[in-house]
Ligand SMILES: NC(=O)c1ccc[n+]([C@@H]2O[C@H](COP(=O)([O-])OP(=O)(O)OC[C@H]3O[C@@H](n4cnc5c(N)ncnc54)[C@H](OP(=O)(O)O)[C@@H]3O)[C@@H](O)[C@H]2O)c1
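Okay, here we've got a single chain as structure tokens, the form predicted alone, with questions on binding and movement later.
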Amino acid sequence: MIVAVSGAGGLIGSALVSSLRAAGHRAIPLVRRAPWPGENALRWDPSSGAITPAGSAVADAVVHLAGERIVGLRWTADKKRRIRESRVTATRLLVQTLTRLPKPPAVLVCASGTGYYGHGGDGVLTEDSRAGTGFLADLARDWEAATAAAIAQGIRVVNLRLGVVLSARGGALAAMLTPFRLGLGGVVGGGAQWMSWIALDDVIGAILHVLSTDSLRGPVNAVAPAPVTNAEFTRTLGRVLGRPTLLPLPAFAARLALGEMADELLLTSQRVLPARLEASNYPFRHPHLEGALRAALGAEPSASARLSGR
């Protein structure tokens, strides 16, 4: 299979390209510069959607992961505009390019996020749950809607609603490691808010799975089957690192430091389950948090984890 990948230099994209090539597929990064001589890549301009050199086809499948980083010091108006344009506008323009090809790709896997569901409290959320409210919910809804023209063209579209991706190489976990290793980690807010997480290995596994599973289309939650509360995540990470977790971050302090981003990323509660992945028999490599953290950090399994299979 020939698979074009946007965001191929990011945490997920770089791992995906390596996995595709290891599995015998041809992975073609979509890059924002002129490819180097001999480089197996295509130039992609997010501001126009153009892919060059132009041809009758780009790939059998496209995995679209590119977008402005969500995390930052604060969500200023300009930051939020860049986030939306890099996802909603860029996706719509990319889809326009793909649908105008003489031979469009058969599959488009487009990143989205569990932010789609907004604040869910203790309620269980699946792909059939309604959209929530807030900046991230509006963003995810519009981001997914930007793929509508591809669906109308007959392309099989999967909107991959990603949870918190666990990897020591980047993302949320990497940002937590220094304070936790210094013994400065602790629960955020009350700690009762649910976190829906997924190991990086399972993100890649899920993408490969949806590429080859014709029955999967529309929203697919890319989360592990065992979400945890923030308090449980904190205790588990502290146990894996062998460090105390005694310094909580009160909600008011999080809001003071991060503003709106604190409510949407740290204090919101999302108990999301991967209903469609499980129904299609995707075999999770790391279904439980402690095992996922130990694998990500290269830590030895604890005795209790070995006995329980976690």
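Numbering starts at 1 and follows the sequence shown. Bear in mind that the values here come from a model prediction, so they are computed numbers and not experimental data.
This next part talks about the form predicted in complex with the ligand, which is not shown.
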item	value
Joint contact, G13, R32 and S112 to the ligand in the model of the complex, by non-hydrogen atom at 4.5 Å	yes
Options 276 to 284, 61 to 69, 245 to 253, 48 to 56; stretch whose heavy atom lies within 4.5 Å of the ligand in the model of the complex	61 to 69
Contact label in the model of the complex: L237 to the ligand, heavy atom within 4.5 Å	no
A8: touches the ligand in the model of the complex, heavy atom cutoff 4.5 angstroms	yes
V164, heavy atom within 4.5 angstroms of the ligand in the model of the complex	yes
Distance check, W143 to the ligand in the model of the complex, heavy atom within 4.5 Å	yes
The ligand: the contacting residue among Q153, S86, T229, Q96 in the model of the complex [heavy atom, 4.5 Å]	S86
